[in-house]
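Here we start with a single chain on its own, the form predicted alone, put down as structure tokens.
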Amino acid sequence: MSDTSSTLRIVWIYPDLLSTYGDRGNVLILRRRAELRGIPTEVVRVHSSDPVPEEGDVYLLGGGEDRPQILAAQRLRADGGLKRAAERGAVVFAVCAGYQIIGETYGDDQNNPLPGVGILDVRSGRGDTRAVGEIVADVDPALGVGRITGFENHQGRTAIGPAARPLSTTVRGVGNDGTTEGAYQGTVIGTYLHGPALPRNPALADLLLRWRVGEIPPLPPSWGERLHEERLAAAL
């Protein structure tokens, strides 16, 4: 997809396993910001018993508890559809547990390493303490997003390999390791930010749209931008 006349297919991966802390909001706001620009959309909900379609444009994964996370990773690896979609250039946005399982490895509840989907060069394990609270981070300037905010609730610690780059540098909170937050590689993004992340950070939602449809016109400031500024002010 490279224009605003074709239908944007938003694929919501495993809402029955990976949808904690209101991560469905990422689906809703991405669809809304596309349609406000006249871009027709289709949301495809893929449950864990369903095959993952390879012809989607944007794939969204949310957070989940330890056991659902393991099941989701196993099924995504066996299915192969998400990996093939990413290899052909689809956009992937994954949050928390979803972030960990799209990496090379992640840790189970005993911190035993398990294989991930392998579309993002990161490796995650469990830290000694849990990261809970507001997080603020400055996104890599190359992405043109600026400062983002969200809520984190995880015990993960994530190391970024040479093929990926940190999504952002932490201003407040833990993120990957207390220094960086999230990672990206091509058009694949992983982050620990709940909130949900895209409603709280409209510029991040627009980045995903630009990656798939090209340049898009700006929208007038609305509640999303106000929410972003309010949460930044409250967190700092």
Partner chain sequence: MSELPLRAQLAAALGRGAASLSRATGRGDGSVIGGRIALKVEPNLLAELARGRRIALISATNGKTTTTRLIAAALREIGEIATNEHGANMPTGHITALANNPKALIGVLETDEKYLPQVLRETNAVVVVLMNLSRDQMDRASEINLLAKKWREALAASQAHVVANADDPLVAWAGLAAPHATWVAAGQRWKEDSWCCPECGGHLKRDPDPHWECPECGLSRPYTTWSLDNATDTVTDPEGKTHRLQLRLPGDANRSNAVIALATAAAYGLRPEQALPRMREIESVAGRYTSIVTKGVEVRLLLAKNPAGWLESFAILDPPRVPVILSVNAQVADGRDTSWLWDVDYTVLRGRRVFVMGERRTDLALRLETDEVPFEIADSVDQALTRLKTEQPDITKVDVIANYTAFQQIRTAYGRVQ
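Positions refer to the first chain, counted from 1. Please read these numbers as outputs of a predicted model, since none were measured by experiment.
This protein has a second form, the form predicted together with its partner chain, left out of what is shown; the following refers to that one.
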Three-residue site 19, 28 and 132 fully in contact with its partner chain in the predicted bound form at 4.5 Å by heavy atom: yes
If the cut-off is 4.5 angstroms on heavy atoms, which of these, 71, 143, 114, 159, is the one near its partner chain in the predicted bound form? 71
Given that its partner chain is left out here, which of 41, 187, 169, 48 has a heavy atom within 4.5 Å of it in the predicted bound form? 48
In contact with its partner chain in the predicted bound form (heavy atoms, 4.5 Å), from 98-106, 147-155, 117-125, 78-86, is stretch 147-155
4.5 Å heavy atom contact, residue 177 and its partner chain in the predicted bound form: no
4.5 Å heavy atom contact, residue 54 and its partner chain in the predicted bound form: no
Answer with yes or no whether residue 9 is in contact with its partner chain in the predicted bound form, where contact means some heavy atom within 4.5 Å. no
is_contact(residue 210, its partner chain) in the predicted bound form, heavy atom dist at most 4.5 Å: no
What residues in 206-236 sit within 4.5 Å of its partner chain in the predicted bound form, counting heavy atoms only? 222, 223, 224, 226, 227, 230, 231
